[in-house]
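One chain comes next, on its own, written as structure tokens: the form predicted alone.
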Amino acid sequence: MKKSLRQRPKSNLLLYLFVITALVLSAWYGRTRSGPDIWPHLQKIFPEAASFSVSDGVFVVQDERGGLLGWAANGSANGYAGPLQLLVGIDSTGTVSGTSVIEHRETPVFWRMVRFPVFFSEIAGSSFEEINYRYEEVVGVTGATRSSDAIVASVRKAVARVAGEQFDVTIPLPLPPWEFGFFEIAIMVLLAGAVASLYLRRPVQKAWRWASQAFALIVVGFWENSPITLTKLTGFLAGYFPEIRANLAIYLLVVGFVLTVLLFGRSLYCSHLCPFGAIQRFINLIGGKRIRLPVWSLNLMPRMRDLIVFCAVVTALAIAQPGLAHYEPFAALFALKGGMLQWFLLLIVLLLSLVLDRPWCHYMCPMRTGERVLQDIRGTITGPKGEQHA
């Protein structure tokens, strides 16, 4: 039986206080640090620029003689891991002259999937009145849906600002469409089924879990590549909440994870919906073996995992880059995209899964750290009732 925070030594309470303080200070520092220098981006868009001034949030760019070259404005929208800022320039004739990425917080893996040269070459030379791309009709931006949507929204916001301030033309900025289809319904069904299975007999409960994980492996994993990641959770901690209309699925998964731990003492996302947990279970069936690790390693590895998660989140918050907290090998498996670290971790985890029960889930997954924190909160509120594990 686990102890609640009320029953644990004061050192544990001090540890939580230290962690919360570190997270708050890191997030504060990341949000208040000075932003990037805008001048190099203006020169990239207007090579003849010699000076600029700011009028109602719009940059007015002049050449060496003080002649008007054009205007530029920032556009910002939330991508996969947080806000993405673009600078869009419009010349004196009302034509888009160029764009430049000022700042982004995406993971390197997904950022490399966005085809900027093709997309930006398509909008260069367009009049501001022609910038009316619909999210599903963008050409040249592929592979990273959230980043792509953020780019389109940022361009439209920047162009609309210049058009309104300098040309007295109003460009509508429609909200992204609601994404509610098969995937969102599937998540809701899987979560409801996971809760219902808790009240079934053990054999039926076990059979449902296998069926649920097989379905999640296909849908959440290979089809959508949308498991909960540390990057997304760090973005939430930093205060970067993506537009719910276009990101309903991730909200359903995160809320489902939190509520099931608080209500039932265990994460039903981890046991029923996590595609990476599912692939480890199926590989272990192939291996057919489960070796026992030394007791000292079972005590050490969770502490090492918690320390890695803490360092990754604090660093990402301090530099306002949630994407840098990304180290899970999910994209390497489900999208065949990843850095050297992700591919290395994936190989190790898959090999260990032949002889261990879900090594990533038990010893390396950041979600397990989150589950333990939520279990402590639950124990503090309701008293110890013996939390269960997937």
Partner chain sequence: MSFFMSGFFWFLEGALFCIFILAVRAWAEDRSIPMPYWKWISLIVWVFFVGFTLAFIGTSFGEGEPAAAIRGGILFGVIAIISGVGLWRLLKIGNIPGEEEFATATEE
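Residue numbers count along the first chain shown, from 1. Computed from a prediction, not measured in an experiment: that's the story for all the values here.
Keep in mind the form predicted in complex with the partner chain is missing from the figure; the text below concerns it.
*Asks:* Under a 4.5 angstroms heavy atom criterion, identify the one residue in Pro172, Pro203, Gly288, Pro294 near the partner chain in the predicted bound form.
*Replies:* Partner contact (heavy atom, 4.5 Å) among the options: Gly288.
*Asks:* Which residue, Phe52, Tyr363, Trp343, Tyr327, is the contact with the partner chain in the predicted bound form, using a 4.5 Å heavy atom cutoff?
*Replies:* Looking at Phe52, Tyr363, Trp343, Tyr327 one by one, just Trp343 meets the 4.5 Å heavy-atom criterion.
*Asks:* What stretch, of 59-67, 318-326, 40-48, 332-340, brings heavy atoms to within 4.5 Å of the partner chain in the predicted bound form?
*Replies:* Stretch with heavy atoms near the partner: 332-340.
*Asks:* In the predicted bound form, is there a heavy atom of the partner chain that lies within 4.5 Å of any heavy atom of Ile283, even though the partner is absent here?
*Replies:* The answer is yes: Ile283 has a heavy atom within 4.5 Å of the partner chain.
*Asks:* Would you please decide whether Ala27 lies within 4.5 angstroms of the partner chain in the predicted bound form, comparing each non-hydrogen atom pair?
*Replies:* Ala27: no contact with the partner chain in the predicted bound form.
*Asks:* Taking the partner chain as it sits in the predicted bound form, which residues of 211-247 have a non-hydrogen atom within 4.5 Å of it? Please list them.
*Replies:* Not one residue comes within 4.5 Å of the partner.
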